[in-house]
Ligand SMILES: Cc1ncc(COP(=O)(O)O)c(C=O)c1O
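Take a look at this single chain, the form predicted on its own, given in structure tokens.
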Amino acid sequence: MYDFDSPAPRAGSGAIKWDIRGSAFGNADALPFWVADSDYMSPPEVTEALADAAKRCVFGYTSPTQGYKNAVAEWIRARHGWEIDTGWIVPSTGIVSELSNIVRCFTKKGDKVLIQAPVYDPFAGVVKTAGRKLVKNMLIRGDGLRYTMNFEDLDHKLSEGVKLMILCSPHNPVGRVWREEEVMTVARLCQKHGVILVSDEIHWDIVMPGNSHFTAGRAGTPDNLIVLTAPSKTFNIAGLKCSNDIIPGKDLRERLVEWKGKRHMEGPNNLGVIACEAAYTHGAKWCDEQNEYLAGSAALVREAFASHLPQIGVAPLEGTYLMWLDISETGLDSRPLCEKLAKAGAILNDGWRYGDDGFVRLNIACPRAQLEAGLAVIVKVLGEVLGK
């Protein structure tokens, strides 16, 4: 059994999530539930591989080895049922920066790029800063706060000259794990309208019991598909800057490699490569146990609000470790409410940044004691706002 209850010593380490609490939120002692990384330690198999690498005392220029690529391909096969050729792998330094590269490589200024909102805010940022036109296909908020896709609207908007679509799968922040038929429909519509589908699947390993991730890679449309993956969320190694583009189509792959090469955009650093290979070779059991732990934490959140503040809706968590809370009954928008929460001792993300000001996002990837302490603060503040 792995230990997810012991906190990692992050304060004072340069961790963004912990060390800018005072300057960014005005409370250096508030418990952080915002940045999407974890507050328990990474797998010991990963840290041991990094320690062994450090003993060699050489950190020169390197490139991903065939062993690394084999580990990535085997993880994808065993975990996600997708048989890939290792030649499809284009290593990169992070998914957000790679999204920016992809948007700039495959579209030109003024082209339309579609996202499904509410969604992870850098999606809109990489489109707008590139001078492309942002198109939104709004998700449908259903009963019990379970979101679905509006395929009629998606079909219509893709038909109006969209060049590229960014899919978030599993979805951050609404917590959906898209079903096979949903992913297949997205892929079919993109193929129908000649749209490049870029599927950000960084959270694809973090899936709650009773759910199964279906990668866009299995949707049968390889010529217009890019799947973005990384070990960063799964194994808490985002700072090592290592991710992988899986690009089955030869034309798309060669275009992106050439575009990046002309701009001297090298791949991940050598420690990131070592950590990724170790995680994908030895991390399956750790990943399974983490998902079980997160499922227990999600249940704790649901029970806390059901017992004390049923006015606060909690979207079902099917995947990711990010919970989406409906605060519309408080009468406050998400930003002033998050300011109140931070001042009281708990830092959450405001929903405004994702496209819905009536929600806040809660990161539960932390030791249970930290989550319980944070929930006490959150319930207290929201109760006061609601007049409870």
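Everything quoted here is computed from the prediction, not taken from an experiment. Start at 1 and count along the sequence shown; that's the residue number.
As for the form predicted together with the named molecule, it is not shown, yet the points below apply to it.
Participant: Among 130-138, 71-79, 164-172, 292-300, mark the stretch whose residues have heavy atoms within 4.5 Å of the named molecule in the predicted complex.
Facilitator: Stretch 164-172 is the one.
Participant: Just to be sure I understand the contacts: of W204, Y280, W178, Y120, which is the one whose heavy atoms reach within 4.5 angstroms of the named molecule in the predicted complex?
Facilitator: Of the candidates W204, Y280, W178, Y120, Y120 is the one lying within 4.5 Å of the named molecule in the predicted complex.
Participant: Just to be sure I understand the contacts: of C338, A30, L325, A36, which is the one whose heavy atoms reach within 4.5 angstroms of the named molecule in the predicted complex?
Facilitator: Residue within 4.5 Å of the partner: A36.
Participant: May I ask you to check whether K233 falls inside a 4.5 Å heavy atom distance of the named molecule in the predicted complex?
Facilitator: Yes - in the predicted complex, heavy atoms of K233 and the named molecule come within 4.5 Å of each other.
Participant: Please tell me whether any heavy atom belonging to V96 falls inside 4.5 Å of a heavy atom of the named molecule, as the geometry stands in the predicted complex.
Facilitator: Yes, V96 is a contact residue.
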